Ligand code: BMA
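One chain is shown next in structure tokens, namely the form predicted on its own.
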């Protein structure tokens, strides 16, 4: 395992910090939840000046392969897996065996267990269907959150769907039967207009109620292995970012989703967006005792050969982030050019290996 802060040291750090404000004896046993353990692990990484590198669906498929044992475009170049693996639960609400990108949920669970066993961490998003129209997450022809209070059938459906995600996540356990902690990032990019829970399709109050509704259902089901990530989109002012903020008791990670568009010509705009937003997000996270993360980013096709070391790395080095995650590498024959990490033979592969070799990045064996 490369350059990684151990879980044990992180837990000890959590326990020692947690005891500072307790009137208990030093010999009293301190019990921590899986979520608290992961929070401590992320804190320890930030304190060490490091960050996890993340990649969506990393071992499921890549530029020219699918479901190959040990497969990973990232590992093919660096010799290691990403420190963080990202997954999506879209379609689990319909009891599908596969998610919206065709990844079997059984495969996903096995890979989450494997990633945890090798010392890595996992993050989960959820591109669920529109419960009012039946369309996908991007279907904004109907706005469920505007109807929720007056439509019991709709509310019951949404509650059932949320419950299914809670059951899946709570059921993630290692070989010893211990729950595996995961970062859960629901209702993401809500400041954009493209999702049915986003701006224009709900009021800030309705969005906040949705978040609280989700948390209530998870709590009722006894889910204690979730670290909650809030991740609005790009180009926001502090007021924009916090208008839909659910509250400190509901959020553990302050994230941002900011992509690089326009290839080389869009580099400066990307840099400014990241600097402007991550700066105030990190400052506010510190004030509130939260974690900062760059929850989604990337340059589609990695069209700049030194993007990882000359564009991304300088930006994330400036901020105390726990992780940065790029999006998936779709199979090229199915979605040409839709990849965010280099693959063997790509012009950016050598630069990506340099990024990996930087002592601040965390990958895992």
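Numbering follows the first chain given and starts at 1. Every value quoted in this text rests on a predicted model; they were computed, and no experiment measured them.
Omitted from view is the form predicted in complex with the ligand, to which the following refers.
Looking at 313-321, 31-39, 326-334, 66-74, the stretch with residues near the ligand in the predicted complex, meaning non-hydrogen atoms within 4.5 angstroms, turns out to be 326-334. For the candidate spot formed by 100, 127 and 338, every residue has a non-hydrogen atom within 4.5 angstroms of the ligand in the predicted complex. Shown without its partner, the chain has no residue in segment 207-229 with a non-hydrogen atom within 4.5 angstroms of the ligand in the predicted complex.
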